[in-house]
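Heads up, the chain below is alone and in the form predicted on its own; it's given as structure tokens.
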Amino acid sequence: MTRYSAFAIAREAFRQHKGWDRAWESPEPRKSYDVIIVGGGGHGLATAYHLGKNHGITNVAVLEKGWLGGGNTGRNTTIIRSNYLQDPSAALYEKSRSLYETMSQDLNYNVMFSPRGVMMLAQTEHEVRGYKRTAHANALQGVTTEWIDAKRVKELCPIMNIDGPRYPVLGALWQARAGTARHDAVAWGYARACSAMGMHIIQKCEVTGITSQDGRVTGVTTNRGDIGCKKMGIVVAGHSGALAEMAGFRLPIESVALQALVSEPIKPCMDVVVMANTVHGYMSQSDKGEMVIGGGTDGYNNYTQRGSFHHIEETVRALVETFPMISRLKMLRQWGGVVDVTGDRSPILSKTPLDGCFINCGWGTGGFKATPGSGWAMAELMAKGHSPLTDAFGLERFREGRFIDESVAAGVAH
């Protein structure tokens, strides 16, 4: 793998940039691998990367039915934070946030991580109490966050109207080291690093069946032939239920669309990320100048990746009071991603009833921020059969009633 650097750019400039290698290979699938990862999004690629980097397992194939990062990895609003209330959640998301800080150097690929800070607005007395509680919990967990008053909110984000008639800003939970990253670059960087370790990144390879013998996984059936494996990880986000059915078990999840949109580009006016959860809208400004706006999930189960007019109306109408300037912006584009949601709004990283088969799903609206930590934990679980980061997130918690209830505690209306 050619190492990217300023010197490499200068060298290639003299060669009309004809010397660059492909970022990753596109090989034909072999008959079998030690490990198959189904899903070539951020979480699947991160799992493969950490299997190789942390555990020396490189006879790995990542199977993606479309193109890398074409699912939720390229369809989110890029927010990264770790200020969750429950201890298992905070540990996993903080691991992820810390890995984001060094990801560009670790992968030798610029993922454009921007620790610009994330504030979660308190616009009711309920939220004030809830966010102060989270700040205290984060202090005990070693996660650096703080409660800030309305004056400080205005200083950090001058375009905000903090005196709204319905929902005045009373303060915010502020995480200064949170921020954003370039979502598709995360997938590309992981794919490049995996390919350099000898792993096979196989696109346009849809899994149509899962084979097993004596209760243990033996491989997959795909549109490019049968492929054998000793272990398999299912990391397919909103389509997890369909893959689980192929493997012979059911999941306690629902799939729904989550929509987002961006405005036309404008001059820099906002250098933080703001989440306004009372009205449920969140916004940041991209490096191209677009205002990136996200809202809530659809009110019904579906697999659509399109946007809808009523969601634009609901989300923008909610944000206009707090950010009056966006009422004058034109929408540039809109999209949807398919998220899988559990009853306690926490993910599943777990062994399954099929021996040798592991599953990573249920991230709901918080998948992108967890990408590197999820991959680290899933790889450890697959390699060793146990990971401290995944202990609380097993499938058995639903049978035992041992929930990690982030549905309200996270301060986000999922």
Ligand code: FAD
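Keep in mind that this is a model prediction, so the values were computed, not measured. One rule holds for the numbers: they count along the sequence shown, beginning at 1.
The protein also exists as the form predicted in complex with the ligand; that form is not presented, and the subsequent description refers to it.
Note on the partner interface in the model of the complex: the residue among Lys231, Arg75, Arg177, His311 having a heavy atom within 4.5 angstroms of the ligand is Arg75. This chain lacks the partner; the member of Val235, Met199, Leu92, Leu121 within 4.5 angstroms of the ligand in the model of the complex by a non-hydrogen atom is Val235. For the ligand in the model of the complex, the listed stretch (22 to 30, 50 to 58, 382 to 390, 361 to 369) containing residues with heavy atoms inside 4.5 Å is 361 to 369. Contact check for Arg345: no non-hydrogen atom falls within 4.5 Å of the ligand in the model of the complex. Under a 4.5 angstroms non-hydrogen atom cutoff, the ligand in the model of the complex has Leu258 among its neighbouring residues. Remark: Asp271 does not count among the residues lining the ligand in the model of the complex, judged by a heavy atom distance of 4.5 Å or less. Within this chain, Tyr282 lines the site of the ligand in the model of the complex, having a heavy atom no more than 4.5 Å away. Shown without its partner, the chain has Trp335, Gly337, Val339 in segment 315 to 348 as residues with a non-hydrogen atom within 4.5 angstroms of the ligand in the model of the complex.
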